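In the form predicted alone, a lone chain appears below as structure tokens.
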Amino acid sequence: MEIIAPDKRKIAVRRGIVDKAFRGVVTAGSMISLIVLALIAAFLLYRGFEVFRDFGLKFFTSSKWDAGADDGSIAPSFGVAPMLVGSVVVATIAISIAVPFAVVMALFLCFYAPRFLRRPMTSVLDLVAAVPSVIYGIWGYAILMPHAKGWAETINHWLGWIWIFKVPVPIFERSPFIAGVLLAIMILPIVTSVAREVYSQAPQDQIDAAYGLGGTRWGAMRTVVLPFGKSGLVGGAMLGLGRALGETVAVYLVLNLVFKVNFQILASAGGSVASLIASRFGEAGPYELKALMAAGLVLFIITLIVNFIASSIVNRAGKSQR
């Protein structure tokens, strides 16, 4: 007996006027964002193209920043290698300090803090995330730096035999370490807020099952919540990394701008691309302005690459959990 399969049903989706309007607004907003990013990149490339053409790869590898003489007797020379290294070093220090504290704070707010304490702490955390960076910079210069100087001296005393903790000259102020600590405090609310939102959505049935099997609260956090929120934590960390890479005023106030590639994080020398632009923009000549625009384009591309890597990691982690 031959069995005839029924015809496939066609499911038609009819969108109302409100749905169509909402979809159009979201699509337009997305396209505008892409257009604005493309225009920023095009403007920076247009203004900095002459510098890229004149210096080529030397612009990325040189450690000299000299605007030259106005009469042409001294040729200008521009290179951002120390500032690129400084940006990466300071941002790495900030992420290394901020992420462990963010995980602890997010777990405490979600699963350990009493209800009467959870709401005000969450509100304060969200409020601190909106504090302008210049306030952080002034606080870091006036309050944090004297204390962090003692921390740096202690680290150098016990770990000075490690190369990155050596100090050629015993001056511990305005170092990449202090800048990294300040940036860690700045990005801590952002990373914590993202991690808290993700951890709060952990499957409650699996947490209850861990309790039912005799597990402790920390055991449930370790086996259920932390694996579930891994992608969100990475996304929050990368979001904080993006802010740390582009931070300007705070880094400028607590870090000496020295054009020398420096991996010794306790030494009083360093810098970042953003602080370079902030310090030189007001007094730069026409050609140096083009070099600063070129440096801004490099920082812009690095930030885009970091965000792209973060999106790839989040998407991959999300697929692995399905």
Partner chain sequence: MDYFHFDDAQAVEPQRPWTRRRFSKPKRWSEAAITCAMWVGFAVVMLPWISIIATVVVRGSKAFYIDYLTTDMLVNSSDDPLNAGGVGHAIVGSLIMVTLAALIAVPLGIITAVYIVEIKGRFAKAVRFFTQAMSGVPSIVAGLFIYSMVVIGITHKYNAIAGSMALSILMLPTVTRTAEEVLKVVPRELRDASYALGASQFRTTVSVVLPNVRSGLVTAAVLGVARVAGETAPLLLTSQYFVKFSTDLFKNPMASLPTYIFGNLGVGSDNAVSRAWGGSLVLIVLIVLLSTLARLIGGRTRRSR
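Remember, it's a predicted structure, so these values are computed and weren't measured experimentally. Between two forms, the rigid core is the largest collection of C-alphas that superpose within 1.5 Å. Positions refer to the first chain, counted from 1.
The same protein has a further form, the form predicted in complex with the partner chain, not shown here; the description that follows concerns it.
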All of 30, 253 and 304 within 4.5 Å of the partner chain in the predicted bound form, heavy atom check: yes
Interface stretch in the predicted bound form with the partner chain - options 49-57, 62-70, 258-266, 292-300, non-hydrogen atom within 4.5 Å: 292-300
Contact assignment for the partner chain in the predicted bound form, among 75, 164, 159, 142, heavy atom within 4.5 Å: 142
In the predicted bound form, the one of 223, 248, 92, 231 near the partner chain [non-hydrogen atom within 4.5 angstroms]: 248
Even though the partner isn't displayed, in the predicted bound form is residue 185 close enough to the partner chain, meaning a heavy atom within 4.5 Å? yes
Residue 85: touches the partner chain in the predicted bound form, heavy atom cutoff 4.5 angstroms: no
Is residue 204 near the partner chain? Define near as a heavy atom within 4.5 Å, in the predicted bound form. yes
Report whether the minimum heavy atom distance between residue 281 and the partner chain in the predicted bound form is within 4.5 Å. yes
Residues in 183-212 close to the partner chain in the predicted bound form, defined by a heavy atom within 4.5 Å, in order: 185, 188, 189, 190, 193, 194, 196, 197, 199, 200, 202, 204, 207, 208, 211
After a core superposition, would you say residue 41 shifts its C-alpha by at least 2 Å between this form and the one not shown? no
Exceeds or equals 2 Å, Cα of residue 285 between this form and the one not shown, core fit: no
Quick check: residue 31 between this form and the one not shown - does its CA shift reach 2 Å or more after fitting the rigid core? yes
